[in-house]
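Below sits a lone chain in structure tokens, taken as the form predicted alone.
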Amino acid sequence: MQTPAQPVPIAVVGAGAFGRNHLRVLHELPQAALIAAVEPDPARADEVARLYSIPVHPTLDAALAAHPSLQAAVVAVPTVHHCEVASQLLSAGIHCLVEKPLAATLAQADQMIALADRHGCILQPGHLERFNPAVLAMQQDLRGPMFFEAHRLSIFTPRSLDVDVVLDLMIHDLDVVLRFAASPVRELRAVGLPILSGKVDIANVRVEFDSGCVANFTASRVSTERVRKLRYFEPGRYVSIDYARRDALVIAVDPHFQLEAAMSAGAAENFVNGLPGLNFDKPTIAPGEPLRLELESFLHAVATGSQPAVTARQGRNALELALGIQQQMADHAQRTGLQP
């Protein structure tokens, strides 16, 4: 991806855990001119100002007044504030990358999309795993997946407790599977439980698509281990993506293999040291940090006026599915007496 002739003047709104990651990467990118940040917490603001030698404003109003050249912003505030902050930026003609989920409600997402359209702005949801090198590689070689199994498990931290595990973790996998399955949702079932927080901390979901494809999702933020994996099955092929390692394993059926012939030819030792008829492959995957690739893509869209790699409509679709899952979990809890 080419570097634009002039770096894009950009600010980060919110210097919490993930906002600081955006600041770090933007500070390094030649495509970006990091000119400001917004952070009301004085200690965080002082740290950001010291690390990146930029002004840090306590309010978005102050930042907009001080930086008329601002063209783009990353919105990394709590989800409940996404719509308010992004709407103010979009109304000022400023392109936005908004951390996932796009908004807290579909009405808010629709408001943000309408504002982006009205003011000719890029609105890109921060679905980071779409820029995972393994996902980027395998989405170029899809062959009609019909079954997905996604596991996203994390050790408990007090981060992102303003939302449940579906909007915190599972939404990454929902977005990727919606992209890979490329079919409307027909039916979903879900169960979830609060464990340590006041919101659902562990959830299991089954989704069926109009195409007949089925996907199972498990997400937990109270696990004893960290797992980030997506597996899917296609006719004659199995693919396993490890998000954390940014690699993939492809197991394909040898079209010339005949089980009956192999069995009649011999001996059980033919099956002891491996699985005959299966070809194992580790695709070559270009290295890259997903956040850097995401921000480079966003800046390219801003500089060229092109459609972002992840569109606001796709972010809305992932949010719609996540909210449907939340409703299914609430209905299940009501039926089973898990809540009043």
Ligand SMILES: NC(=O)c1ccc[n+]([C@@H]2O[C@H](COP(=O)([O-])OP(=O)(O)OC[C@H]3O[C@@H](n4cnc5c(N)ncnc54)[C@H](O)[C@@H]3O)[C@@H](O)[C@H]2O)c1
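These numbers come from a predicted model, not from an experiment. When you see a residue number, it is the position in the sequence shown, counting from 1.
Keep in mind the form predicted in complex with this ligand is missing from the figure; the text below concerns it.
In short, of 310-318, 295-303, 35-43, 278-286 it is 35-43 that has heavy atoms within 4.5 Å of this ligand in the predicted bound form. Screening R221, H95, R130, H82 for any heavy atom within 4.5 Å of this ligand in the predicted bound form leaves a single hit, H82.
Residue contact check for L23: none of its heavy atoms lie within 4.5 Å of this ligand in the predicted bound form. Taking the partner from the other structure, this ligand in the predicted bound form has no heavy atom within 4.5 Å of any heavy atom of M329. Using a 4.5 Å cutoff between non-hydrogen atoms, E99 counts as a contact of this ligand in the predicted bound form. Although the partner is absent here, G192 sits far enough away that none of its heavy atoms falls within 4.5 Å of this ligand in the predicted bound form. Contacts between 11-29 and this ligand, taken as any heavy atom within 4.5 Å in the predicted bound form, involve V13, G14, A15, G16, A17, F18, G19.
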